[in-house]
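To begin, one chain is listed below as structure tokens, in the form predicted on its own.
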């Protein structure tokens, strides 16, 4: 029930909701049938028990028909999940506004922001530890790296989770949709200090972000 603060957060939540509704329906239906059968065919005085091998047509239909309907539900889940997965994980926006670099290490996050020129790996880049600053309604591509072991970059309000793998630079993206300060987590057990490897993401409006870049570039950022 945490806020949705990225353009694709609602899509991810909708896939989870779809799975929960369909699985919940079949769970209730299966349990209802199970207890009805227990009651319907309970031991009765004067009624002999009947042995069923399972291949009788009037018995098999209680398996084949629900099975077929479950497969139809699976198709809807797969279609919805693949569409969201492709949008979030398989493509990068062509019109991204900025690129940032995210580096995990035991046990902190280092963030490399572009400076006033909005280009990464230039002289005015801004480096912070455990504080990521972005502007609302702008699209960011991130380069995720690890200096030591497996970490996992997670921003719950974005519904994003991406493993950081040593020796690789993994690309991803997000677009914040509301201002505020939110949690950044490492959700891959990465050693004794894993539990304290927390950071904050600051989603600012255009003026706030410009002021932060200016103050960070002059060494007066708070």
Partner chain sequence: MAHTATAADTHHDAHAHEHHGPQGILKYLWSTDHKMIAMQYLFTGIAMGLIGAYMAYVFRMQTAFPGVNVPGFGQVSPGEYNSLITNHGTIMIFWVAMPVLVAAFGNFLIPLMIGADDMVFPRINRLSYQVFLLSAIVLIVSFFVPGGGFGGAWTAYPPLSAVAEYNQTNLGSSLWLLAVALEFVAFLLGGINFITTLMNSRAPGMRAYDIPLVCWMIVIASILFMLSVGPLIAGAVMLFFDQTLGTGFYDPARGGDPVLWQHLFWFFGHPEVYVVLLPAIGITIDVIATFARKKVFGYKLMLYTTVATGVLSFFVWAHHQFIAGIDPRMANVFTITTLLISVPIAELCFVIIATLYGGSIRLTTPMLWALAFMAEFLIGGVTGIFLGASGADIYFHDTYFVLAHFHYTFFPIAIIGTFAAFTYWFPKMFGRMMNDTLGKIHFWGTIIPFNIIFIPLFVLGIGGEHRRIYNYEHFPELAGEGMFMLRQIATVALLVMLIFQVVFFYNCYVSWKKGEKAGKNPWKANTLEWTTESPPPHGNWPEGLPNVYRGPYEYGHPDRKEDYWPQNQPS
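Residue numbers count along the first chain shown, from 1. Note that the structure is predicted; figures quoted are calculated from it, not measured.
Omitted from view is the form predicted together with the partner chain, to which the following refers.
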item	value
is_contact(residue 152, the partner chain) in the model of the complex, heavy atom dist at most 4.5 Å	yes
is_contact(residue 213, the partner chain) in the model of the complex, heavy atom dist at most 4.5 Å	no
Contact flag, residue 188 vs the partner chain in the model of the complex, heavy atom cut 4.5 Å	yes
Partner contact for residue 97 in the model of the complex: the partner chain, 4.5 angstroms, heavy atom	no
In the model of the complex, residues of 7 to 38 near the partner chain [heavy atom within 4.5 Å]	12, 15, 16, 19, 20, 23, 26, 27, 30, 31, 33, 34, 35, 37, 38
